[in-house]
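Below you'll find only one chain, the form predicted on its own, shown as structure tokens.
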Amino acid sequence: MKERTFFEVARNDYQFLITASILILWLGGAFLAPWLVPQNPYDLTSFDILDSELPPAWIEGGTRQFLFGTDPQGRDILSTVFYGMRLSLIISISAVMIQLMLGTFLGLMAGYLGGRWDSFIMRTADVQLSLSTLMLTIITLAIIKNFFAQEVYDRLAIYMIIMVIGVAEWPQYARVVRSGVLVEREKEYVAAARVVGVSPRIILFKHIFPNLISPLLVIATVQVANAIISEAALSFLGLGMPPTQPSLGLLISRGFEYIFSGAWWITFIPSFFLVVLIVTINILGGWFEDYFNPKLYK
């Protein structure tokens, strides 16, 4: 039977089409926010405190100018959500890139070299996996925050968060890559490459690594959602981005104190966008896992 291409499978799968459309809409709103939303929430001159805590447009007292209402500072909720989502996505995607590169390199080394290198890398991965990722990132960032002055931490917060989340999750990739290398290095094409004198570096990165891209893509897709959750949790706990550059987690945290005063939209709207973003990424991750399964979609 002829193998079906990605586009042939995707265009006939309504689950993929719906979730991909939602994700594209969310990503478009986030990265095109400066041209789409009415305010720049980072610019103090773009909003007025007299517009604070206005309800959404469909509730009495709301206005069409602020579709989802305003926060206590008078900022448009839709504007803060898309700017905050852009920041959350930049952090999560950058962190996943670090996870992917570090975990893939160490997994390749462990699987191909074996011996002491394999034992050391995998035992380190086992120790790190035994710890809660969120707990590890909270402890690390709390120590860093106490070490630096507040203004220095606020300026470097995005880089620190990216690095901490990135380093915390590399074992997921390393274990998968190592398992794949152990299987691939025993195959005939690798033995043939060794016989003709191909260097180990070329064998690893040109011959073995391309066969591992599919599982790595699936892991990376799911890890983007996990990184968004981690960043949101850190910001909610006050260890994430500064108030001048709020991410979705910080927006939810700042609005939580108003939820019982009647201004529920301040925390509910960012929470809704965050949940939909995470759910769509996870669904797409599961879809890619099924697509790359050789027993399906063939």
Partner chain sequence: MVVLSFFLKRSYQFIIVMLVISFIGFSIQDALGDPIHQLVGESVGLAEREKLREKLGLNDPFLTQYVRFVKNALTGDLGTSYFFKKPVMAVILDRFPATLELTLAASFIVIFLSIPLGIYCAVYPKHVLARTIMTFSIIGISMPVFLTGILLIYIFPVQLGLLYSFGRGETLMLFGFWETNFLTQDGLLHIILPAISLASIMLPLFIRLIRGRMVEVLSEEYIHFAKARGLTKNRILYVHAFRNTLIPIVSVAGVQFATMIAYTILTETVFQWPGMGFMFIEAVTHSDIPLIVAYLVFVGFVFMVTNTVVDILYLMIDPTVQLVKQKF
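Since we're looking at a predicted model, the values are computed, not measured. Numbering follows the first chain given and starts at 1.
The same protein also exists as the form predicted in complex with the partner chain; that form is not shown, yet it is the one meant from here on.
Contact with the partner chain in the predicted complex, judged as any non-hydrogen atom within 4.5 angstroms, is confined among 203 to 211, 139 to 147, 71 to 79, 156 to 164 to 139 to 147. Judged against the partner chain in the predicted complex with a 4.5 angstroms heavy atom cut-off, the residues Ala30, Tyr42 and Ile90 are out of contact without exception. At least one heavy atom of Leu134 is located within 4.5 Å of the partner chain in the predicted complex. Though the partner is left out of this view, Ala192 does not reach within 4.5 Å of the partner chain in the predicted complex, counting heavy atoms only. Remark: Gln245 does not count among the residues lining the partner chain in the predicted complex, judged by a heavy atom distance of 4.5 Å or less. Proximity of Val152 to the partner chain in the predicted complex: non-hydrogen atoms within 4.5 Å are absent; the residue sits far from the partner. Checked against the partner chain in the predicted complex, the residues Val127, Val198, Leu113, Met97 give one hit for a heavy atom within 4.5 Å, which is Val127.
Shown without its partner, the chain has Ser271, Leu274, Val275, Ile278, Val279, Asn282, Ile283 in segment 271 to 286 as residues with a non-hydrogen atom within 4.5 angstroms of the partner chain in the predicted complex.
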